[in-house]
Every structure is written in C-alpha cells, then in structure tokens.
Ligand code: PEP
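Below you will find one chain, with nothing else, as structure tokens; this is the form predicted on its own, and questions on how it binds or moves follow later.
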Amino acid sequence: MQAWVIGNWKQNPATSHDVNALLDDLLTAVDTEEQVVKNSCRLMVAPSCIHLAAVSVRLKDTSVLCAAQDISAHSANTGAYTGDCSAQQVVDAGATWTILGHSERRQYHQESHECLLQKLTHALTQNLGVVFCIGETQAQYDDKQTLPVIDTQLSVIKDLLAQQPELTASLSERLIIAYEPVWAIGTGKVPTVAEVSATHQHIKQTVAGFADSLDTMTVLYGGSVNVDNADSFAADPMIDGALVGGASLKAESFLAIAEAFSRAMA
C-alpha cells in the first residue's frame, strides 16, 4: 500500500509567476528524490481553479497528480451557475481528483450533507477521484464529540452508496478520506499521534461497515502537518499519508513530509 501526500494550496500563490516558481522548485526536487518517493508515496497538489489548467500542463507526464479544490454541486457539466466550475470542466482542465468537504468550504459556504452528496455524485460520475475531508471543531473536540461528528459526516458516503450501489466496487480506489480537526488547521495546534491513530481506526471501521469493498480505505491526516511532526505521524500504521496546507507552498518542506512517509512505508 502506498502513502499519499497531498498539497492543498488553497488561495495561493497569488500570481502565475509565483505558481510557476513553486512548480519549478517542486519538479526539480521530485526529480532528485524520484526513486525515494515514487515507489512508496503518491504526490498530488491542488491549485486554485484559476491556475488549475496551467498547473496540470506542467505536471503532465510527471509523477505528481493534479486536483481541483472543489466542484459545483448544481451540475456535473454545464448550466446557469455563475462562478461555479463543474466536475466535467475541471476534468477538461486536467484534474484527476478533487478535494470535497474541506472545513473552510463547510464554514464559509455552509456546505450541507445534501450539497456534499451532490458533489460526490458529480465527481464520481465524471471519473474524478475524491479527497473527502472530515473533522470536528474545537468546541466539539472539547465536548468529546469527535466520533459522533465524524460519523455524521461519513454518512454522506453511506447515502451515496445507497443511491448508487454500482459505485461500491470501485470506490476504494477513487475515494480518500482526510481527517482534519478544524481546530488544528493552520493554527499550530496538533492532536497527539495516539488521538489521530484512534480516530483513523474508527473511520476505517465505520467506512468498512458501509461495504466490504471499503475495508482498505486510505485515511490521511491534515492539520498543521509540518517537517517537524511528519515522522511521528508517518510511523503510525493507521495514518496513510497527509493533506498538507501551508507546508505544501514550499517544495522543500512538502517533499520532506513525503520522504517521511516514504521511509515509514519502506
């Protein structure tokens, strides 16, 4: 089983010039570390929509995959939805995966269960893989509600399979779950490895209960992952990789995190 290290660039970098500079550094570093990383760790980056096509061109024929940060819930292809980008459009722009359900989308855009169900459906019908984000807030963590909150968020997958059982056989290869405690994203606060491991075990057991074919679900950790803590997370067998925010904006730190998971998988 390979680990995954995915860089979510969010609304960064600001200019095409800076995007190309980051890609120059990343691809040079990947070439240097190719044999170390590629056999045991898959790499992916998710640029903002405005840079998606250009980034996908630069990454074509490399080992680094390209993902969208979101897709429209309203239509899988076209329609009168100003500002939205459909699953079909991001595929045409070169993405092979999309991030869905990130806590910032849930918070700032009030994404509901029904909205995420539509997005999952559109992504999978357009052959996009999905990195599905889940996680609890600080208040929910303090109230020891982490697992009930996660169960509610994971029920979107259960409902998807109830509506489209034909997706069951291929879903384990087209779905990655990223556990990101909201209180740890960009804050420097980090749960213990033991806490993350126990939560990941719960996630894997819950998803396996939806269908036998999902008993090998890949579950990543995200939330202030950096060079200093990557080795600790990578050493735990329940943690299959990382969804990286700020540290993915520097090629050196992003590849160092990937190397930590590569060493752990060796």
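We number the residues from 1 along the sequence you see. These figures come from a predicted structure and were not determined experimentally.
Absent from the display: the form predicted together with phosphoenolpyruvate (PEP). The rest refers to it.
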query	finding
All of E104, V225 and V244 with a heavy atom within 4.5 Å of phosphoenolpyruvate (PEP) in the predicted bound form	yes
4.5 Å heavy atom contact, G186 and phosphoenolpyruvate (PEP) in the predicted bound form	yes
Non-hydrogen atom contact K250 with phosphoenolpyruvate (PEP) in the predicted bound form at 4.5 angstroms	no
Exercise: E180 in contact with phosphoenolpyruvate (PEP) in the predicted bound form, heavy atom 4.5 Å	yes
Partner-proximal stretch of 54-62, 22-30, 231-239, 215-223 relative to phosphoenolpyruvate (PEP) in the predicted bound form, 4.5 angstroms, heavy atom	215-223
Residues in 144-178 with any heavy atom within 4.5 Å of phosphoenolpyruvate (PEP) in the predicted bound form	none
